[in-house]
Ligand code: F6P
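Shown next as structure tokens: one chain only, the form predicted alone.
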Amino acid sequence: MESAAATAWLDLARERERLETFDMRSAAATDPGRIARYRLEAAGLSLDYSRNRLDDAALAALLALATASDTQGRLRAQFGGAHVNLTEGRAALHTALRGSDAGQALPQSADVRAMRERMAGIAGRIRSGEWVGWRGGRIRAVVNIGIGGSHLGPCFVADALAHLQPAGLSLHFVSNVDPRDLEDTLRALDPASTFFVIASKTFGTLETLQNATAAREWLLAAGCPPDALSRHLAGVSANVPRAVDFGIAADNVLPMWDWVGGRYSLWSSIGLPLAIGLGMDAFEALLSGAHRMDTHALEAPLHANMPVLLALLSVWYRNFWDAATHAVLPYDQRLARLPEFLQQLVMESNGKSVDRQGLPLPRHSSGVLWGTAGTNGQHSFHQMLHQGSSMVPVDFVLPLETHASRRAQHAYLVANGIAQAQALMQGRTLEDARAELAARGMSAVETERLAPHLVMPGNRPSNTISMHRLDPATLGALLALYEHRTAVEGILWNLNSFDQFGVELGKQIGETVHRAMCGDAASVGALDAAAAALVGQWAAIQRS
């Protein structure tokens, strides 16, 4: 299989050379069937990948790489519970958390069903008003305290589905160890009606524990009796004893498992604030949408497999067209946090430099993922996308219907999303620029002076992922699509997408720096000169 994959990489290099002058505009104009062939639908999503620098022969070569890499076999192994996280000896079974069957063919299914029942019980009692604070009033605010996967997923989904939140119950998310994050959040809240979800797999994450301790102190300072803290605190952790030692009642601690990685934990009990704020029905619809995409990823043939094709296109541009970044541009304000969520998913998963055997990778892995909501980006970085010297592949994410009341205004948003994809492909030639300036009444001299500045090279690739409307099911499918795309990238690059040792060293040094700030001489000696100088500056400020 390795020799077949090596051959496939060489074949793709030849395809890249052949397509050096490939023009998407000409391909679209001369091949009326291209759009139909380069379009897919799955789990309520539509993918148009016709605006890419490839033809049928190049696409066949990409699919050959997927076959040679045993993509379908590796996905089946992951879904079946194999220890695909080789370095930590763990499975990556977040897919078992989704869908109505909750992975019933797997040994973990009973635990998953029990977890969901406990989530539903807590959420239902808070939403109904049965669960009351220490003064007997109902809960009006839920504050999630976590970081990384314990924060980004639920925070993003809460924003995306905010239209489902009931009046009188607000969701808030705190992650930064900067005390301003928590203090700014709590300023407008009433301690007697505030409920905290403290989410940490180990219950030892520094940022989360610092914020959780401050939240507990805030409750006590406001008059909450220590024996009533259980009315205001819940935990999500694999370390139940540590959560109980912190002061959370054992019945209020929901489990996590080592076969669910942090960046994939949204679908687990980490979703408790969503079950409370959006309702358990909405959370289960989110799971169901993801499950539909799981089924598609596992069963669809490679040539009709949405996440596989997106992964192949990502590899195509990263490794053969020198694309160092990838932009994700959601044309829906409620999806504004999607790029932030995907940054962890993609770069923490595939930002690696060794393969599954620990050998140096022979080619680049993940580049930088970035973006923001349209149309805001059109008035900032889209200039670079259209006229910059670097080519950046783009995913446009486009819900076609809005939950807002001003539908006529929303039409402008949809029009802009559609237009930007066309403009990236179409560009503007020098002749077009001259004609446009002449039509404005400019002189021949001014036309010649300005025309080069209006030229846009075009031929810049993009995918458009559209959906009827943004709802829990389509959102679940969208997130699962990107999860599987990321996993397939890892398969193609032959790396482990499920560990994240790169986050550890900075944390370890951070502990040394903090000890040095507290006056530990040995720790000061362990710092480099620049770090020691900054610690000295900090200490001087504290003394002043």
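So that there is no doubt, residue numbering starts at 1 and follows the sequence shown. Predicted, not measured: the structure shown is a model, and the values here were computed from it.
Keep in mind the form predicted together with this ligand is missing from the figure; the text below concerns it.
With this ligand omitted here, the record of contacts in the predicted complex names 257-265 of 430-438, 378-386, 257-265, 328-336, defined by a heavy atom within 4.5 Å. Distance criterion of 4.5 Å from any heavy atom to this ligand in the predicted complex singles out 348 from the list 348, 159, 471, 284. Put simply, of 494, 50, 500, 512 only one has a heavy atom within 4.5 Å of this ligand in the predicted complex, and it is 500. Contact check for residue 147: a heavy atom falls within 4.5 Å of this ligand in the predicted complex. Residue contact check for residue 109: none of its heavy atoms lie within 4.5 Å of this ligand in the predicted complex.
Taking the partner from elsewhere, residue 95 is found to have every heavy atom lying beyond 4.5 Å of this ligand in the predicted complex.
In the predicted complex, at least one heavy atom of residue 344 sits within 4.5 Å of this ligand.
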